[in-house]
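First comes one chain, alone, set out as structure tokens in the form predicted alone.
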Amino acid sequence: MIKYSNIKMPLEHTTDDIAAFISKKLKLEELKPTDIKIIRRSVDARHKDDIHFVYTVAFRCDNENSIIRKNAGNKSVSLYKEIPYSLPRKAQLSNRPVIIGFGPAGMFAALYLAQCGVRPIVLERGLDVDSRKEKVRLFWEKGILDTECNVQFGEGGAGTFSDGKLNTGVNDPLSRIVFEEFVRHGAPEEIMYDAKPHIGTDKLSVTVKNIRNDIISLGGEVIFGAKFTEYDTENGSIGSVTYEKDGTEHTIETDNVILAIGHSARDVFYMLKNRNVTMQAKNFSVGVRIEHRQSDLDRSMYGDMSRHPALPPADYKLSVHDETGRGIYTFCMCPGGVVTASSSEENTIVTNGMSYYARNGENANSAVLVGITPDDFDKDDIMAGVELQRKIEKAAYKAAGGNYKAPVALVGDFLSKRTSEKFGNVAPSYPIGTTFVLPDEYLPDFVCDALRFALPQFAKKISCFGSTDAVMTGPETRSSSPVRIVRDENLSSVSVKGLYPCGEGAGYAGGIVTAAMDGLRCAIAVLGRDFAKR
């Protein structure tokens, strides 16, 4: 196949136009749209008077080597080797492996091991995605929180209620496996080539269910409502795990455990600390969610073309460092989305953001986060970062008056250090209700100082950030884990052989794709395989 890069297309175009462009440029017989495979598609909106799509495609034709030679000076033309999808090789283990957690890391670890025929057992403290959605609905509509099944815990992990954004800057062959498996299990085909792929919470819930059913059909087992409580060792190696379900304890003998617990399983972190499992405090971030009207963001990014039906809802990614060198950045940006109530502990406030596949909500929202390092808390206490998160979440709950209402402030009032009194042209989307409270009442001073520095800087890049009516809802505290469970070159815990800390909660990932990739790596390690010969 031949790859053709940097093909510029107007907003209104078809695949026929791409085929005609290639045919003309390379002097080929007319290509058919069905001959073309889209590899990448993005929107170039750097110049508002010339917004266009940019494609990289591959196609088959006669005399490909001759065409490459004739276009040796064209950097956009090269040979393309298509890598066919294939299932992993079969394997054998003496005992069934256990995966703890069924978020992206645990899910992809279980899927790989099931495909290899070793019949993994998954323990997930939350419930299946349909039961979980009902628990979340009760929390969002009535403030009834289930601390074992919520936005953080349950099938699909926290990512199920976070839009299914698949952005990653990691260039690794495992990422392609993740995307292919998502599509194979029902995700939209365009995630394979869109520059900023997303699935959407509505479609992601179906996709994760399909992955679970595939695991079961291959001999795996997924046990919901199963809370991991303990493990036993033999001569420094994993011998069994214990979980509690419906008030009864159960034990599974195993010599391989993938610990994919997510960033909110604080009880597990404490249990590991008490067992002297080696962990490290690590950097994390805290901040708020900021909301603008999506139409205002579209105008800021697209100008007069903002209403064009071919353009996706605009998004952004911003970062800056303040005078002290501390980083402030946007994260988990949700076009046309909502701010979610994401608590997993009683009497705390935690926010996140999500969008449905259509991304057609009134508001755009994103986390605006301030970097936290172990120098900002007691670095001698591994759990100090966890306790800082918890302190912020409890302070926000108290400041907003309880009942899981979230504290909010208008950007203009926050910058002027005054409490807001009424909303402007942006209505908050947080579902349970809000109370006007300055972030200074629940966030550390240095975090508020950093936010006050960053917001005017962001406004220089995107005009709608200059809106004094933009809404800040807080706090956002669960963007990443504050601890890392240390593992060796074989991905096993340095303290317990056969225990594989995995994914975002263990400190080795930063989003859905990288967590899923780490799940694959740990599954490959369990089988004793080389990553390159998986």
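Values in this document were obtained by computation on a predicted structure and should not be read as measured data. In this text, residue numbers run from 1 along the sequence as written.
Beyond what is shown, the protein has a form predicted in complex with a small molecule; the following relates to that form.
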Please tell me whether any heavy atom belonging to A158 falls inside 4.5 Å of a heavy atom of the small molecule, as the geometry stands in the model of the complex. yes
Just to confirm, G101 within 4.5 Å of the small molecule in the model of the complex by heavy atoms? yes
Contact of G505 with the small molecule in the model of the complex (heavy atom, 4.5 Å): yes
Heavy atoms within 4.5 Å of the small molecule in the model of the complex: does A515 have any? yes
Y4, L31 and F59 all contacting the small molecule in the model of the complex, non-hydrogen atom within 4.5 Å: no
Which of these residues, S366, N256, N363, S342, gets a heavy atom within 4.5 Å of the small molecule in the model of the complex? S342
None of L123, A406, A114, I392 but one has a heavy atom within 4.5 Å of the small molecule in the model of the complex; the exception is L123
Residues in which of 220-228, 420-428, 313-321, 207-215 have heavy atoms within 4.5 Å of the small molecule in the model of the complex? 220-228
